[in-house]
Every structure is written in structure tokens, then in C-alpha cells.
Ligand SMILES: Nc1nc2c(c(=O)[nH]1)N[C@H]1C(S)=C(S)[C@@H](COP(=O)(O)OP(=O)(O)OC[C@H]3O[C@@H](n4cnc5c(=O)[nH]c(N)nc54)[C@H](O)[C@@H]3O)O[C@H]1N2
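What follows is a single chain, given as C-alpha cells, in the form predicted on its own.
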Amino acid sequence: MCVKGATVGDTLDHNRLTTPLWRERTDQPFEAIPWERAFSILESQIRRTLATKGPQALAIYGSGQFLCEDYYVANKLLKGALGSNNFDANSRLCMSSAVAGYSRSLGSDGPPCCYDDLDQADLVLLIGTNTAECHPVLFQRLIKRKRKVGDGLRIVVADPRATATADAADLHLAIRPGTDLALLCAVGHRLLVNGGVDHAFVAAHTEGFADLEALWRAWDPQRAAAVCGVAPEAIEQLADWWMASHGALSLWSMGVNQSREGTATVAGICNLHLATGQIGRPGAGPFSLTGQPNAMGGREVGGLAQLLPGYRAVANPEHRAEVERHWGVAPGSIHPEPGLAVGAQIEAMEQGAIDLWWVAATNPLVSMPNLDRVRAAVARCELVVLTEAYANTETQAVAHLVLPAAQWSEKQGVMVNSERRVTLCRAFREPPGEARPDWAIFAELGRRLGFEQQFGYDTAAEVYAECVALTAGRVCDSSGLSHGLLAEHGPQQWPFPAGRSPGEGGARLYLDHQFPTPSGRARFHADLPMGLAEPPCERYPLVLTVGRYLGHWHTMTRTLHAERAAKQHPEPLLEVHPSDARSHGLVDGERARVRSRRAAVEAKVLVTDRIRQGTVFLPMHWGASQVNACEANRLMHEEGCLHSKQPELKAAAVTLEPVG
């Protein structure tokens, strides 16, 4: 286990919310109230909003911490019963570019690979991922194999920092932030001119290669090297290893997704696999690594503003009709346009267009970009509701109504991991006080709003049975799964259609190289590299990138109370290259102020040559309420990917100055 898993037992009883809390204004103290009054407040506000502004003034912001059952009932309530598609989740900040990228290139979301591919690939490209710290169990599996086979496995890392991941690489490409797509185009160029393209596969199973070929020809390694800040020989080495590989596996995470060209970069990764036939077979394929325990499951049950369950789209009238029939709501109940992604929800609150904002199982007052703007916008919302397991988070500070949630170990339900493996999480202890499962809270509210039949669930197993029935015949078909089967036979991978036996198939997608597009072919995309949305300039000459430490979990709501994790990472450190430290008058171990166009924060300086010159790094965990507060995301801008609506949380232009 990683340290977060090893210490999770230490966090279950610390700082828990045990009863609903209420206050009319955020400058007042909270008072404990019974659940009956909490539901009365919610019901009254929703009915008033529906009567005065309509359903588009309601919004929910959920989380990859949800079980599939939580996601499903919340979506059914808001999108089906109330008619608002304004359900988004913190997967918008984490995996939405992967969702959009897979859909554009392959025809559907859903990673086509599995963890066993780590044991069969002979080339692994880690791009935009510090796997050693963010997916440490997978990384150790990769390193174990590297020790066993030596040069039989080549590991390539593309990252501006020399992380623990880069330390294990055969080749580290310390590229400038925002140049991932240029790097991929240059690899494609060398494959093209050296005979590395599988033209038979391209002709039989893809479309759009002519446009991509023109783009690749324009991006030779010399041009890309100048943009990326690495030697052209290093790019050529990656391309040559790729061309010689029998199994090329690409792994990526936030460093790719959190970009204004996140979807284009995912397409760039898929382009390489499709052009060389490195997909739909062992050891090969484009493999996104999800950042939360159930980010995958949330996508399958429709947990983003443009989605419906079963990898369906809100904008598709046939999809809406299928879901309306399954949910037992009137035709036309689901609004025909995608709802507001979380960034648009913030903008709507600024304009006074949202009366109720319900946040569940996440802490956006640390994780969102441009936090000062977020705080000001949320202050204009009439009713801010927070469903949370832990007390005194930064988001609780802006909430009016706080509902205590049961968490992992206290409720039963399903989660899905990066390789599409479905696990039943058992309840083995009672929730503290009056805490309830999220799905049960949403279902109770649905019944009180007049939808008794649609929300008449007694158990999470009933919710899951209804949910998986909607996946039948879809790419993510899980219709053969149930709580009972998972309890008896353990975790299973989808696709798992009705009639399949446990352990059969499901490891990889697209084994027949037929893709869920109208033509049955995968699609190449020739997206021109754009670079950063906010590049450095004379006033702000450095690029700030943010990330995670091994021992801490996102915004520290849980790991803050784990002594081992807190001791491992007691404070945030600002990583600065020695030349940048000298030019800005900074001293190792002393404090510096980091300033962007939006805000300034302070942190202790760590002078290190393990980050490239011109780039600085801060961890994103520390919020306003914590000791050594350093709200890194106050500095970040909101501009993001046009396709995925994912903000570019990995790069902002900053300057540095000593403190004192």
C-alpha cells in the first residue's frame, strides 16, 4: 500500500461531522439541527427556485469520492426529476480531457488497457504524470518488472521536474510546461519519415490520417526541440524506441489533462498508437490514470454536465429518451442542452443566476483555480449546501447548510478503477452520529419533492441494479454485475454483459480494432500545438506548476489527521532552480512570495536543480484553514480546454520575491 492507504484507518474517526449544521448567513456560527429541518430547508429552497427562476438556477458539484450509487441518484434527481443538467464533478478538474480525448479519437470514453499491460509492454511512456508519488502502487509494479528484465523494458518520462518517477527512467525529457503536444508531433514526424507507420492498420481501421501526416511533417525534432527545450536527439531516441517496440504503453494523468490543449494532447497520444497499430493488444495502448478512487465510475454513470449514464450524451435526443424511460420520468424531462461545468457554475453565481449550489464530497475552495474569484462568486449564492464527512474544511467556511456524510467503510457500494475494474466496497462499521450515505440523502429529498416511485430505494444494491441496466449494449456494459456477484466473486472488469461468467474477458477493449464511431474506424486529429494559455512575460517571467506529494490526499481533509502523512510532508515547499533563485534574490530555506496576475502566496524556498530553469513548483494541498497555509490555486487562471472545459491548473505565469 501507499502511505495514504496504510494510514486510512487513522483518519476515520478524526474531525468527523455527526449532525446537520445550519446558519442563515456565513458570518454567523453554525447550529446543530435535526435532519427533518435540513430536508425542509432544501425542499423549500428548491420549490421556491423552481417557481421563480426555473431548474437552471440549481446546481450540484459532486466528486470522484462518490460511490457509483451516490453519483447515480444525484444525477437522476437533478437531471431527471428537476430538469437541470447542472451536475458536474471534480473529475472536471482531473479527467475530463481524457473523457473528451478518448471520445474524439476512439468514439467513446473508456481506457482500452489494463494493469497487466505494465507487465507486457517493452516501452512505457509516462507523460504528464508523476506516477511514483501519485500512483505509487502501479509505479512499484513497473519498477519491479524493470529490475527483472532490465533493457527489456524502456521507461521514458516527459516532465519539467526530475521527480522520483524520472529517476527510474531510461530517458527523461525535461520539457517546458505546455509543450507535450509538440513533443508528440515530433515523435510522429520521425516515425513517418523512418517507416514507423503501420499503413495497413491505418488504411483498415482509421480515418483522417492525411491531415495528421501534414501536421507531423511540419514538426521535425529540431523544431520541436527548440519549443520543448530538450535536445532533438532525445526526441529521436523516444521515436526510435517506439518504432522498435512490440508493445508501447502510454500512461498520463494531470500534467496532460490540466491544459488548455488537454484534449488535443490526449488525441496526440492516441495518434501515435493508432498510426503504429499499438492498441487492442497486450502491452500496448493509451492508458489514462484516474486521480480519484471512483473517477472512472462517475463517468460511466453520467457524472459530468454533458453526460448521461452508460456513456450517453445529454445533447443526443435518443439518449435522453432512453434514460427518461428508464428513470420513469415524463418525456422531455431531461433538458436538451449540456449543463454548466463547474467553471460556468462559478460564473453563473457571479451573475446571481444560481440560487442553490450543492457541493458533495469535495473541497473546491482549495482545488478550484483563481480561488479569490470563487469565494466572491459563492458569496452571492442564496443557499450553499455542503455534504461532507470531515468538519471545518475551507468549503464549509462558505456554506449555509452542512450535511454529515457516511464515507468509505461506513456505506456499501461500487467503485471503478483506471483499468475498468469494478469493486464492491463493504460497510464494516457504523457511520458516526447521524451521518448518512450520499445516495440516501439525495433519494430522501427526491421522495419529499414528489418522486416517491423514482426514489423508492431501500438499499444501495437496488440503486446499482437500476444503474447497470442502463449500460446494457453500451461500451461500458456492466449489466451482468450486481452487488451479490461482486460479493461472491470479487472485483470484475467491464465490459461484463448479462450472461458473462466471472473472470471472463474484459481485460482490454478494441481487440477486433472496431471502434464505436459511425464508420467503425478510429479517428486521427491534427491539432496544432498552441502552448500555454498564460505564457511567461517580462513582468511574470516564470511558469508555476502545481502537483501533489506522496503522503497527502488532494486538499488534506483526510490526511491532515494522519500523523505519519503529516510528518512526512509538514509544509509546502517552493521548488526553484538555482539560477532562478539567484536572479530573484532567494535563499534556500527562507520564505518567498509567489505572485501571479491574480494573487500572491508565501512559501519556504527549496533551491534544487531537479526542476528546469524558468519553472517553479508548489504542492496544491494546503488551504486557507491549515497551518503553513499556501493556497497555490489562488495563483492559477481559469482558462482551459475548449473541448473538455478542464482548466489549465498546471501552469500560470508568476514572479518571485523574498519575504522580509
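Start at 1 and count along the sequence shown; that's the residue number. Since the model is a prediction, treat every value here as computed from it, not as a measurement.
If you look for the form predicted in complex with this ligand, you will not find it shown, but the lines that follow are about it.
Shown alone here, Thr129 lies within 4.5 Å of this ligand in the predicted complex, counting heavy atoms only. Although the partner is absent from this view, Phe455 stays clear of this ligand in the predicted complex, with no non-hydrogen atom inside 4.5 angstroms. Using a 4.5 angstroms threshold between heavy atoms, Ala652 stays clear of this ligand in the predicted complex.
Looking at Arg420, you'd find every heavy atom of it more than 4.5 angstroms from this ligand in the predicted complex. The listed set Pro112, Gly80, Gly188, Gly547 contains one residue whose heavy atoms approach this ligand in the predicted complex to within 4.5 Å, identified as Gly547. Exactly one listed residue, out of Leu153, Ala224, Leu481, Ala405, brings a non-hydrogen atom to within 4.5 Å of this ligand in the predicted complex: Ala405.
Residue heavy atoms within 4.5 Å of this ligand in the predicted complex occur in exactly one stretch of 50 to 58, 628 to 636, 25 to 33, 595 to 603, and that stretch is 628 to 636. Every residue of the trio Cys134, Ser253 and Ala389 has some heavy atom no more than 4.5 Å from this ligand in the predicted complex. Taking this ligand as it sits in the predicted complex, the stretch 1 to 21 comes within 4.5 angstroms of it through a non-hydrogen atom at just one residue, Lys4.
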